[in-house]
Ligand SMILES: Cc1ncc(COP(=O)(O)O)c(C=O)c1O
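The chain that follows stands alone, in the form predicted on its own, written as C-alpha cells.
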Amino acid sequence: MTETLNTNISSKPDWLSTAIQTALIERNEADVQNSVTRDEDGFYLYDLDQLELHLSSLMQQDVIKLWFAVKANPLSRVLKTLAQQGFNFDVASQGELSQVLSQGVSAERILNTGPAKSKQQLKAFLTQGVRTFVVESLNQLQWLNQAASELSCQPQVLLRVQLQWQEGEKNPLGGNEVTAFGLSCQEWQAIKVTDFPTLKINGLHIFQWGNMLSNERMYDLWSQMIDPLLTLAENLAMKLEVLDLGGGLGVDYLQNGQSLSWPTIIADLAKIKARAGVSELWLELGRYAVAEMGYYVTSVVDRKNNFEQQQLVLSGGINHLLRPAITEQPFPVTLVRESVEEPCYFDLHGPLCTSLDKLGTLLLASDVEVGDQLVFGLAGAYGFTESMPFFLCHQIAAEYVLEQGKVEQVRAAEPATWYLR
C-alpha cells in the first residue's frame, strides 16, 4: 500500500517532521473517505528520508569508523539505508547476523559483540565470513583461537575492558557497576598475546555508559579511559591499533534542550585518537543513529478522571513501547490531529493488567478524546524489538516506512494466534 504526500502542516512539535504528520493525517482522511477500518492497536512509522539525511551528516568526517548497533533497530529497510550510507554493523546474535547478511551486507562489514558468545557461535560466525570480534572473556579468546586455527583464518580481535570510576554513577550499561561486559585490566593481564597466534589482537573495546547527553561529560569519561587502556596494551606487549569506544550518545527524550553537538563529538574524539596514538577509532551508534526517524502511533481507548488526575487508556502501551517502564523516561507525544485547546497533563496507560504499563505523565491538548490518535516521537531505536508483546496476548505492532513521499507497509499487525501454540 502506498500513499502520496501533498499537505503542508505547520503546527507541530520540533521532534515531529512535517512529512510524518502529513502522512498520518492523509492516511486518516483516506480511511474516512474510503470507509476503511484498520485493525491495528499500534504501529511504527520510520522516516527513511530523514534517516538518510542524518546518516549522511554523520559520515562527513574522517576521524572515526562508524558501526550501527543492530539491537537498536533491525528492520530490513532501516539496515539497507544504513548500509547505503556506509555504516558497518555491530551484531550480537545469530539472528542479528542473519538479518544483516540477508540485506546483502558483506560479512567483512560486521563486528561480533555481546557477552554470551559460545564456542559454537564463534565458529559459526567465522564460518559465515565474520572476521572482526570483540572478545569478552578468557574462554572466548581460547575458543576463537581454536576455531580460527581449525578454519585456517586470522580474525581481528578487540579485548573488551571494564573499568571503574570513583563517581559511582549507575547507568543502563553498567556505569560503575560490575557487569558481564568484558573483564578488568587485571584479569586481562593474565594472558599473553603471543599465546594466540591465529588471532590478530590489535584493539581494545570499552563501553559502559548509555544515553549520555553532555559533551563535556562524555569527553571527561573518554579521557579517563586512555591511561589505563594504554597501560594494559603495554603490559600485554600488544600493538594497540584500534580503540572502540562503543556508543552511549544520547537523545533528548525529555525535551529539555540537552542535545549533543556532533561537531563537538568529532573534535573531542580527534583529541582522544591522538592521545591514544591509534590508527583507528570506532563508535557503535544505536539510538543516536536512528531514534529521531522513528514514530509510534496508537489510539485512545478511554478517558477518565481518577483522584483528580486525568487518565488516558491507550490501545498500545509497553507491549509495543517498553522503554518508559525501564528508564522512567517517556517518549514525547502529541495528537495526530491539530488542536488549538490549552494543554494539560494526562497519565498515559496501556492495555496491560499491570501498573508498569504507563507511558508517562505528559502534556496533551485538553480536548483529547476517545478515538484520537497519539504519535510518540524518538521511537526509531529500542522500540519494536525491545517491547514485551506477548503478555496478555495483544496484537503485534505493524511497521511502516516513509520513503520518497510514500508510506509503505513492511510488517502487518499480527494477532496473538500468529505466535500462540
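A quick note: this is a predicted structure, and the numbers were derived from the prediction, not measured. Just count from 1 along the sequence shown to find any residue number.
Only in words, not in the display: the form predicted in complex with the named molecule, which the text now covers.
In the predicted bound form, Tyr382 touching the named molecule (heavy atom, 4.5 Å): Because a heavy atom of Tyr382 falls inside 4.5 Å of the named molecule in the predicted bound form, the answer is yes.
Touches the named molecule in the predicted bound form: Pro332 (any heavy atom, 4.5 Å): Because no heavy atom of Pro332 falls inside 4.5 Å of the named molecule in the predicted bound form, the answer is no.
Partner proximity in the predicted bound form: Lys71 to the named molecule, non-hydrogen atom cutoff 4.5 Å: Yes.
Interface membership of Gly247, the named molecule in the predicted bound form, 4.5 Å heavy atom rule: The answer is yes: Gly247 has a heavy atom within 4.5 Å of the named molecule.
Options 227-235, 338-346, 281-289, 116-124; stretch whose heavy atom lies within 4.5 Å of the named molecule in the predicted bound form: In the other structure, the partner sits against 281-289.
In the predicted bound form, the one of Phe87, Phe207, Trp188, Phe196 near the named molecule [non-hydrogen atom within 4.5 angstroms]: Result of the distance check: Phe207.
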